[in-house]
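Listed next as C-alpha cells: two forms of one protein chain, kept apart as structure 1 and structure 2.
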Structure 1
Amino acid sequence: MRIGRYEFKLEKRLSLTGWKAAIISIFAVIFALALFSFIFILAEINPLLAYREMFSYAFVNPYGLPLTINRFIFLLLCTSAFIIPFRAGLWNIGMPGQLYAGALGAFAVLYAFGVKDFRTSDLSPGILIPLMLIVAALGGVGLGAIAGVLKGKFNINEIVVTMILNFIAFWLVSHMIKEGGPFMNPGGRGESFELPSSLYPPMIMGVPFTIFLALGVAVLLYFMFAKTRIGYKIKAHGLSPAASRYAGISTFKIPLLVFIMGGALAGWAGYHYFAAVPGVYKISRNYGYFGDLAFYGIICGLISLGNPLAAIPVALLFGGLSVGGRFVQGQLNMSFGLDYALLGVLMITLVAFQFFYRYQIGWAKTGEERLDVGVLR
C-alpha cells in the first residue's frame, strides 16, 4: 500500500523476542482501555476517574489488593494448567471441572476425618493441610487423565472430552453440597461445610501460602521447557506429533502426562479458592463463577505465548482488572457486568494484537532503501 511518498508492506516475522512481545502486549492493553473508555463516556463518567478508582483499589487499597492477589494466584494456577498441554499442541478446556474435582478432593479429606462435625481437637493441621493438597491434586489428575488417555489411545478430541467432564464435575459438586449431599452445610445452606479455624492454611504477610506454590510452579515449568528432556519431548510433540513419533516420542504418554500435570495444577486452584482464601473456607454456592473464571487461564496462556514466566504479569493484570472492575461497578453506580465487559474487551484486543506477533509493518520511501518500522517491529 502506498501513501504519498511512502510504500507500506506487511511482512511475516522470522522471530519475535520477549521484549518486543511485551511492547506489543502493552500497546494492546492501552488500546483496550482507551476503547473501553467509551462505556464510561456513555454512562457520563470521566474515564480517568474510573480507571484511577479501578487501579487504586485493585493494586493499592489495603482491602482490594489482597483480593487481587488471591485472584492472581487462582488465575496463574489455571494458566499453568492450560500451558502444559498447550505446549504439547493440546487444549485443556477442562480447568473448571478439574478445579471442582480438586475442591471436592480437599473437602473429602476433611469429611473422612469428621471435620464436618467439628471433631478436630486431635487433628494436626500439619498433616491435614498437606493431605488436602495431595488429594486436591489427585482429584484434578483423575479428570485430566481421562482426557489424556482418550486422546493418546483413541485420538478423541480433547476439547470435547474436557468440556463434557466440566459439566459432569459441575453437577457432581451440586449434588455434594446441596440438600441431602454429604458435604452440605449443617445450617442447610446451599454450600459445603466450613473449615474450622484450626485448619485455616498459613498466611504470609496476609497472603495465603499458595502464592509460593503458584509462582514456584511457573518457574519450574519455565525451567522444564527450557532445560529438561521431558520439556523437549512435550515441545516436539506440540510441533509435530507425527515427526515426534518417528523420533521415538510416545504419542500416548505425552498427552497423558501433560493432562495429568495440568489437572494437578487445576486441582490446586480449586484448593486455593475454596480452602485457602480468607473469608471463603468452603465450597460456596457461587462456585460456578470460579469455574467460568478459570477460562481466563486460556486467554492468559495464549497472550503469554505459552511462556510460564510471561504468564505471571498477565495473570496479575487480569486478576486486578476483574477485582477493580467489580469495585468500580458499585462505586460509580454502573450496571452489573462491568468487570465481564472490561475483561472481554481486553481479551479480544490482546488476541487481535497477536497478529503483530506474526507480522510486522515496514515502510520505505519510493525508490529508496527500506526503513525500519520502530514500535511495530
Structure 2
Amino acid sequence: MRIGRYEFKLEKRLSLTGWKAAIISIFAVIFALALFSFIFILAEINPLLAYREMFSYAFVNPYGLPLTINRFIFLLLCTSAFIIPFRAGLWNIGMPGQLYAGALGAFAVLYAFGVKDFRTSDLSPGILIPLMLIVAALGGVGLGAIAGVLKGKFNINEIVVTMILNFIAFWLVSHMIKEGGPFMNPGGRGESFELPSSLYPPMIMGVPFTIFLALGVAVLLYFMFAKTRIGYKIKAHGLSPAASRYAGISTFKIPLLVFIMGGALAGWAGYHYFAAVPGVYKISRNYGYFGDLAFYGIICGLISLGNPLAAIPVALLFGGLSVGGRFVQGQLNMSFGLDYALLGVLMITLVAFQFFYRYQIGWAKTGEERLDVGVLR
C-alpha cells in the first residue's frame, strides 16, 4: 500500500522481544479504552470525565482503593489459573466453575465442622483457615482435573469441556445455597450461611492475606517457567504437542498437570472472594457476577502474553477498571453492565492486536522515479 511518498508493507515478525510485546500490549489497552469511549459518547457523557472518575475512584478514593485491591487479588489468581494451561497451548476458560467449586469447598469445611448451626467453632482459625484453603484448592482441582483428563486421555476440546463445567458448577452452587440446600442461609435469602467472625482471615493493613498468596504464586510461576524442568516441558507442549511427545514429554500428564494447577488457583480465587473479602464472607446471591469477572483473567493472560509477572500490573489495572466501571455507571446514571461492556471491547481489541504480535508494518520512502515504474509489490 502506498500513502503519499511512503510505501507501507506488512512484514512477518521473526522474533518478538519482551519490550516490543509490552509496547504493543500498551497500545492495545489504549486503543480499547479509546474505542470504549464511544459507549460514553453514545450515552452523552464526556469520556474524559468518565475516565477520570473511573481512575480516581479505583486508585485514589479511600472507598474504591480497597475494592480495587481485592479485585486485583482475585483477578491475579484467575489470570494465573488461565496462564498455566495457556503456556501449554490449552485454553482454560473454566475459571468461573473452578472458583465456584473452590467456594463450595471452603464452605464445605465449615459445614463439616458444624459452623452453620452454631455460628462458632471449637477449632481455632489457625487450623480451619488453612483447611479451607486446602479444600478450596481441591475443589478447583477436581473440576480442573476433569478437563485435564478429558483433554490428555481422550483429546476432547478443552474449551467446550471447561465451559460446560462452568454451567454445571453454577447450578451446583445454586443447589447448595438455595431452596433448602445444605449451605442455605437460615434466613433463607438465596445465599449461603455466613462465616463466623472468628474465621475472618488475617488482615494486613486492611488487605486480606490472600494478596501474598496471589503475588507469591505469580513469582513462583515465573520461576517455574523460566528455570525448572517442568516449566520447560509445559512450554514445549505449548509450542508443539506432537513434537514434545517425540521428545518424551507426556501428552497426558502435561494437560492434566496444568489444569490441576490452574484449577487449584481458581479455587483460591473462590476462597478469596467468598471467604476473605471484607463485607462478603458468604456465597452471595449474585455469585454469578464473580464468575463472569473471572473472564477478565483471560484478557489479563492474553495481554501479558502468558508472563506471570507481567500479569501483576495488568491485573491491577483491570481490577481497577472493573471497579471504576461499576462506580461510574452508578455515578453517571448509566445502564447496568458497563464493566461487562468493557470486558467485551477489551477482548475484541486484543484479538485484533494479535495481528501485530505476528506482523509489523514496515515503510520506506519511495523515490519519485518509482512512481512511473509502478512497482508496488
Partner chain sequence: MWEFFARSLAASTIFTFAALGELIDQRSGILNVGIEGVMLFGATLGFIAAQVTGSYVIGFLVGIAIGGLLGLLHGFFSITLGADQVVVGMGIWILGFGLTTYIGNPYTGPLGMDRIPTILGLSPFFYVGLVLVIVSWFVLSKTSLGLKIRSVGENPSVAEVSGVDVTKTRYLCVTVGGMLMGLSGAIYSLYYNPVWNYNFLMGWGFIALALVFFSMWNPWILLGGSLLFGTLWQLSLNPQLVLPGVLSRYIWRTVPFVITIGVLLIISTKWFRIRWGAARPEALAVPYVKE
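This structure is a prediction, so every number in the text was calculated from the model and none was measured. Only the largest set of C-alpha atoms that superpose within 1.5 Å between the two forms is called the rigid core. The first residue in the sequence of structure 1 is number 1, and each one after it adds one.
Assignment of forms: the chain in structure 1 is the form predicted alone, the chain in structure 2 is not. Checked against the rigid-part motion between structures 1 and 2, the candidate from Leu265, Ile177, Gly301, Ser322 that sits at the hinge is Ser322. This chain moves as two rigid pieces, and the smaller piece turns through 6° between structures 1 and 2. Overlaying the rigid core between structures 1 and 2 leaves the Cα of Phe38 displaced by 4.2 angstrom.
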